[in-house]
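Below, in structure tokens: the form predicted alone, a single chain.
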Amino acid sequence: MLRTPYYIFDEAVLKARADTLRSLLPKGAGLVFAVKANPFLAKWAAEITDRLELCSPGEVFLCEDAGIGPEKFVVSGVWKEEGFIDGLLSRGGEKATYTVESPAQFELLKTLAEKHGVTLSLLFRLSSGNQFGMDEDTLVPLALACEACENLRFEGVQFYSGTQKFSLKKIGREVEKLFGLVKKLEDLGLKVPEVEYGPGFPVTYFEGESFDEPAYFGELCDLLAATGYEGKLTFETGRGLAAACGDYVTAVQDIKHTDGASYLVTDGGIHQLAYYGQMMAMKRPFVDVLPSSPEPDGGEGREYTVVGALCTVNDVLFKGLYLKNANRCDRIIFHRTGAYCVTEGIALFLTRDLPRVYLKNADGSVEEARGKIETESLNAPRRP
């Protein structure tokens, strides 16, 4: 039995989810996976998506280590280090696509393309009203200038607008803004071969949430069809693709009854389990329990609050878990943890070990992708 706490990610579930998304999106649309959502899925995702969105040197390096070629990369990010891009171009990085998020990035990519004697494909990122990308007044002249650059190729426009977007009214306003820009560029004589759009496909994480996914995507397709755009549509997603393929498993280490309340203390915690909008377990994620011994046939049970091992009252994972017979070593399985949990938690808080990560391959075999990592050396001064 695998040692807790741990994450386990399922290749077959990930692939099935990619197939579902492609069936719901406009015919022929591309799919891009945001590696920041879960870098452990990069190799699998490279096989089932058109590209990988990479926002840091570390993400690029881990993809290279996994044998993924630069033709799969969209090198994004609000800060692009010159030395990193320079090194990437010396390793075949001209096959990648690069986002442009500022005039300074445009000049950097232009200079390095000329230095290496290569032609770079560029996506110009439109801002959604924050520090990422450029506003329309900045983007348009840069895109036009790109056409005159011998070592740069205008590939299109990128627009990423957030996450967990259930409101199609908001998406409708975004589509109007995005394709209004596309029309402006085309009216100025600049063909826009591709639009990469990250609308923030939503995921239901908690009991009682209602979401009609086919209806949602049907309306999205109608909104996009109404734009009349004839180029390639590509959709960037992280959470929407990865969430369903992951479980987080933690084991009960102690059982307490205090002031009329019952607690299951686990070897996990909120430093490793981060649901979007969880609010101290006021919402109930999808959970199963694997008992260490059979539950009795009859008798009354009780409700437990599931807490983690951190020294903070905020470390609450689940409230109102009903069990007839709770025991130490019972395993609690939190579903839909394939996106962000493994990277977004406050992992170094209290100097707890980083949990193991397992990969369940499509053939059913399971491999350890990362062992337990002790964090003392990360949370203490380094001495000679």
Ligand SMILES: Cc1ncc(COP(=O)(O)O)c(C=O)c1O
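Keep in mind it's a predicted model, so treat the numbers as computed, not measured. Sequential numbering from 1, following the sequence displayed.
Missing here is the form predicted in complex with the ligand; even so, the following discussion is about that form.
Colleague: Thinking of the ligand in the predicted complex, which stretch from 235-243, 104-112, 253-261, 141-149 has heavy atoms inside 4.5 Å of it?
Modeller: Among the candidates, contact is made by 235-243.
Colleague: Can you tell me if Ser127 lies within 4.5 angstroms of the ligand in the predicted complex, counting non-hydrogen atoms only?
Modeller: No, Ser127 is distant from the partner.
Colleague: Would you check, heavy atoms only and a 4.5 Å threshold, whether Lys36 touches the ligand in the predicted complex?
Modeller: Yes.
Colleague: Could you confirm whether Thr97 comes within 4.5 Å of the ligand in the predicted complex, counting heavy atoms only?
Modeller: Contact with the ligand, no.
Colleague: Does Thr305 make contact with the ligand in the predicted complex, using a 4.5 Å heavy atom cut-off?
Modeller: No, Thr305 sits far enough from the ligand in the predicted complex that none of its heavy atoms falls within 4.5 Å.
Colleague: The ligand isn't shown here, but in the predicted complex which of Tyr358, Phe40, Tyr340, Phe318 has a heavy atom within 4.5 Å of it?
Modeller: It is Tyr340 that has a heavy atom within 4.5 Å of the partner.
Colleague: In the predicted complex, which of the listed residues (Gly93, Gly156, Gly133, Gly200) lies with a heavy atom within 4.5 Å of the ligand?
Modeller: Of the candidates Gly93, Gly156, Gly133, Gly200, Gly200 is the one lying within 4.5 Å of the ligand in the predicted complex.
Colleague: Since the partner isn't included here, can you check whether the ligand sits close to all of Asp267, Gln272 and Phe349 in the predicted complex (heavy atom within 4.5 Å for each)?
Modeller: Checking in the predicted complex: none of Asp267, Gln272 and Phe349 is within 4.5 Å of the ligand.
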